[in-house]
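Just one chain is shown here, as structure tokens, and it is the form predicted alone.
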């Protein structure tokens, strides 16, 4: 049996993995971002939601995001073993058997979707199921290894959590949640392409057609800058559509200007200099957390003000 076949093997054996190994399968850092944006989507949605139901909704979304991560690690174990950034993950390192990761991901997927559907709402559950399917099947199994646009199209999965949170709270999909989706969707390419600029060797070794490896670094830098020009005004849309205050508008505009500045620096610095790309990657993480945190704080403050005024 080849290494790739052994990694894809889903046979059952007595597990020697620890709880920490299974937790690592959930991709906790990626899961945290999905949970946070889903929480913001739930909180900024109109109306009041029962706190217990809200906790159940966020818990189910967290489990679903982790399930997608586990299935991704199961399928990608062969290429993860070839990259320094991922070689120590539970499956390629041998701490978790492929079959264990596969079964773990499937059970959590079913549990999260059914819990969300039965206890919260089937629209939110359907969106969660679609997110897991899109990330595992469309992105991981197909796009990731076949096209440099993998992260662009695959970004749909990462952009859906705030829509799931909104649907859990309202039972509907509003224009506001679509705007939150669009912010994450346009943020995804420059975020991951910045990473791909200074990890191009890893991706080349694994045969993954990331944009720098296919189109070259210069083209990737130009595309990163173009996406930053699109992202910055989209980040201000919640204020432009009237569901935040001017405070959010000002802060989001400043955050967007910072994103453009970092993308510009990554564009004009020579190809061999990776400090601007690393700085952009770090700033992109800060940007997304900050813009959603400000949106949440602004919504809470506006509701408190209106309540006091009433």
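Numbering follows the first chain given and starts at 1. Computed from a predicted structure; not experimentally measured.
A second form of this protein, the form predicted together with a small molecule, is not displayed here; the remarks below concern that form.
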inquiry  = Please tell me which of 220, 177, 72, 228 lies within 4.5 Å of the small molecule in the predicted bound form, judged by heavy atoms.
reply    = 72
key: Residue among 212, 158, 190, 235 with a heavy atom within 4.5 Å of the small molecule in the predicted bound form   = 158
ask   = Is every one of 27, 65 and 203 in contact with the small molecule in the predicted bound form, taking contact as a heavy atom within 4.5 Å?
value = yes
ask   = Of 212 to 220, 91 to 99, 169 to 177, 131 to 139, which is the one stretch near the small molecule in the predicted bound form, taking non-hydrogen atoms within 4.5 angstroms as near?
value = 131 to 139
ask   = Does the small molecule come within 4.5 Å of any heavy atom of residue 31 in the predicted bound form?
value = yes
query = Hey, in the predicted bound form, does residue 145 get a heavy atom within 4.5 angstroms of the small molecule?
reply = no
task = State yes or no: in the predicted bound form, is some non-hydrogen atom of residue 76 no more than 4.5 angstroms from a non-hydrogen atom of the small molecule?
result = yes
